[in-house]
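One chain is shown next in structure tokens, namely the form predicted on its own.
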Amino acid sequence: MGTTIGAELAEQATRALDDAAGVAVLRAVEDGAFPAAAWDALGALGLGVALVPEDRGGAGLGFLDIVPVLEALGRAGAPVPLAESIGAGALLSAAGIEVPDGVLTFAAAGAPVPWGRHATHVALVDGARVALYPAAALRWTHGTNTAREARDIPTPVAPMAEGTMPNAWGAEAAMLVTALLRSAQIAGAMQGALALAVDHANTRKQFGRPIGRFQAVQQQLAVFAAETSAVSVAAAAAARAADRRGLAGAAFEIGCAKVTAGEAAAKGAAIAHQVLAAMGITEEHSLHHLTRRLWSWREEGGTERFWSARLGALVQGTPGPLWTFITDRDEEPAA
């Protein structure tokens, strides 16, 4: 899902990741190393400023344009903080802050910072206020998520720059950006896990034939494929809404995408490990790197429980039929 330019960028990103990433890189990342070769390969594409307007030195792309790139990252297990750099660049530029070079990341104030210990600069977002810090100036308490990705807590000092985001981005911009990024990455990680499950089902034999010939396995893989497609569609719909209405105006679609992604991630991970059995959890296999990220990314940018409650309250407070509310949102907003 996405645009033509998004598909082209995703193809380039995929080639870069194929050349510079893999299971060995993911294992090194989870041991605390920074994948400099993979970062340099992707950095050459200039994707970190994809959402930064052209008049601020960026590519001027929209959220929908980067969905395929985020999916490509997810398929590879997101071995570099490119999604975080893209999100940080978007938040900083929206707040009128010049986007610095290097490895960027962001988080809501008080929340763990993805890849914090490896960043060059960090954007901390408190409501509509954005503050930029040199990462080296912050004191870090190191931590990790279930995927063993760095999730570090900073002790803030005086920022090097501050700004305020416009109303269209809202006071929950950090959460909304995170939810949108993670939804698209979950779609990609599910695509990667599904490919591994299908390949295993077609090659692993039981009773003289591939296990993919058994109806029970076929049914499970069909469910997996349907859930994967649903997440990709939901992420693209949320990105399109953000481009049309701004982040705050797209909160409904972003929340729907995050709920869809979270529920699908749980189902998809379970099916993948059922199909691959014990092989999927061996250290040298790539499946567990994807499924542990699926479980981890579900928690970031709002869980299914959080967004379901938020969406329910929104719909209950809306007059008129639910179907009209949903279909009217897909129309172009008035100029």
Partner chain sequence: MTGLRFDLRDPPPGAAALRAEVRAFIAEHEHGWAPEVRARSWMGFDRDFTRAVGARGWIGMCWPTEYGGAERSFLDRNIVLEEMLAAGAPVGAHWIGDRQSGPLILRLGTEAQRQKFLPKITTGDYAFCIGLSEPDSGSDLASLRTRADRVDGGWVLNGRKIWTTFGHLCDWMIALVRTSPAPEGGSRHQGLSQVLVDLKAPGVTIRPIHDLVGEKGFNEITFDDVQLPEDALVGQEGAGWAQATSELAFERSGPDRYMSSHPLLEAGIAALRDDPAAATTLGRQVARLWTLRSMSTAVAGMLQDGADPVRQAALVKDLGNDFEQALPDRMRDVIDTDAMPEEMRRMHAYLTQIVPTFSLRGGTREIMRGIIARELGLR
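From a predicted model like this one, the values you see are computed outputs, not experimental measurements. Numbering follows the first chain given and starts at 1.
The form predicted in complex with the partner chain exists for this protein as well; it is not shown, and the discussion that follows is about that form.
Distance criterion of 4.5 Å from any heavy atom to the partner chain in the predicted bound form singles out Lys267 from the list Lys267, Arg27, His285, Arg56.
Here is the short version: of Thr164, Asn145, Ser229, Thr120, the single residue with a heavy atom within 4.5 Å of the partner chain in the predicted bound form is Ser229. The stretch that touches the partner chain in the predicted bound form, counting heavy atoms within 4.5 Å, is 232-240, out of 232-240, 154-162, 84-92, 110-118. The partner chain in the predicted bound form is approached by Arg244, whose closest heavy atom lies within 4.5 angstroms of it. Within this chain, Glu263 lines the site of the partner chain in the predicted bound form, having a heavy atom no more than 4.5 Å away.
Heavy atoms of Ala136 never reach within 4.5 Å of the partner chain in the predicted bound form, leaving it off the interface. Heavy atoms of Ala309 reach within 4.5 Å of the partner chain in the predicted bound form, making it an interface residue.
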